[in-house]
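First, one chain by itself in structure tokens, the form predicted on its own.
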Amino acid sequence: MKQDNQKDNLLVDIRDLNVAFFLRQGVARALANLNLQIKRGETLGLVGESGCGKSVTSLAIMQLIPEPGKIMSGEIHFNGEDLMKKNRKQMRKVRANSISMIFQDPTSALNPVLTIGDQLTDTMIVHQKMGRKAAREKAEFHLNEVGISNPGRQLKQYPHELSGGMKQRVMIAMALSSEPDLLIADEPTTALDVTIQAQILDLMLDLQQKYNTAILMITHDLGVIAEVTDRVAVMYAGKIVEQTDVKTLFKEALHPYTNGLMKAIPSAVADLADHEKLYTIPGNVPTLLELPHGCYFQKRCHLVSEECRSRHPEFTERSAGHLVRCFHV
């Protein structure tokens, strides 16, 4: 009975997902046998350096991998259905009603020649079969819900008339207008100043509790991870190298890459008189065109051995719910 409940509580189940980009220089493997689960109502953090596959994961879920990229194999189960088996029309319906996305830069995500009102109401009219008056009333409701005062006036404005924080609030209102089961937030606060960042994150958590929406929080910022997530998956070169709950990650990170990310966080209480340099992980992320044989992190790892160079570590459970891809934890 307990296993059935756990299965019912699973919203997203990605199994052995492989995504590649076919470039002139060769084939870049962006995701390699990715396995990832998201439970209903939880916030899962996906963290890692630029180019590690975080955004590709989100685009794969949305079935929006751009050319020359292609999903090579794998399964993406959402609400018990494999999205890989849906056609374009069916996926448009899923994106309109069940999965929403907040992008890093709201300025580029919003259409500059349409008013905020048109952009909010058009989706409701087309996909939710609402009348224009009802759609406008719902748009005003959601703008008010995300903390935008005088929403009737804001609906008449164009994106360039709003601040960055206001535009991101509009994006959240747009994403939640369909009351989705899953909200994908791809670096949603990167373009905002620190004060506005905190407000946006608090707003997202408040709305999550209200609608019981699961959130996939994609970020390179471990501060955001600590603030808002329940579980964390750490990515490196297209693979997840560590996964656990957020408290365990910050208390007992096991993978050398995760520990490197932790050590690279600037300390608020650092003694500036020591002139100590900020820690950096040596080397660079390997190119996806020429991934090394064995562990992908081997050339940057202080624990590297012949075993690391000869074969790839499996993703194994070291303690309850704490999975690591490393021979030397």
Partner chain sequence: MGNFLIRRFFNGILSLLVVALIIFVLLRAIPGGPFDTEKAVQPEVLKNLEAYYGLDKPAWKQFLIYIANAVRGDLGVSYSQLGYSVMDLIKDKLPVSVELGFYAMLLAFVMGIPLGVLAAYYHNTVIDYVSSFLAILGRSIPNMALAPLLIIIFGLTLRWLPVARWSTPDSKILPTIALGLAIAAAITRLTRASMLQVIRDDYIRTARARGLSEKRVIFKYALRNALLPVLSYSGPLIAAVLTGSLVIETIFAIPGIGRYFVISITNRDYPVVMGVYLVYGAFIIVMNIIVDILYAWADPRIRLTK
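This one's a predicted model, so the numbers in the text were calculated from it and none came from an experiment. Positions refer to the first chain, counted from 1.
The following text describes the form predicted in complex with its partner chain, which does not appear among the structures shown.
Checking L183, A135, M235, M171 for any heavy atom within 4.5 Å of its partner chain in the predicted bound form turns up a single hit: M171. For the residues I265, V27, I281, M62, the 4.5 Å heavy atom test against its partner chain in the predicted bound form is passed only by M62. Proximity of N144 to its partner chain in the predicted bound form: non-hydrogen atoms within 4.5 Å are absent; the residue sits far from the partner.
In the predicted bound form, none of the heavy atoms of H77 sits within 4.5 Å of a heavy atom of its partner chain. Taking non-hydrogen atoms only, K210 never approaches its partner chain to within 4.5 angstroms in the predicted bound form. Interface membership of T123, defined by any non-hydrogen atom within 4.5 Å of its partner chain in the predicted bound form, is confirmed. Picking from 155 to 163, 196 to 204, 235 to 243, 69 to 77 the stretch near its partner chain in the predicted bound form, with a 4.5 Å limit on heavy atoms, gives 155 to 163. Residues S108, A109, L110, N111, P112, V113, L114, D118, Q119, L120, D122, T123, V126, H127 of 108 to 143 are found to place at least one heavy atom within 4.5 Å of its partner chain in the predicted bound form.
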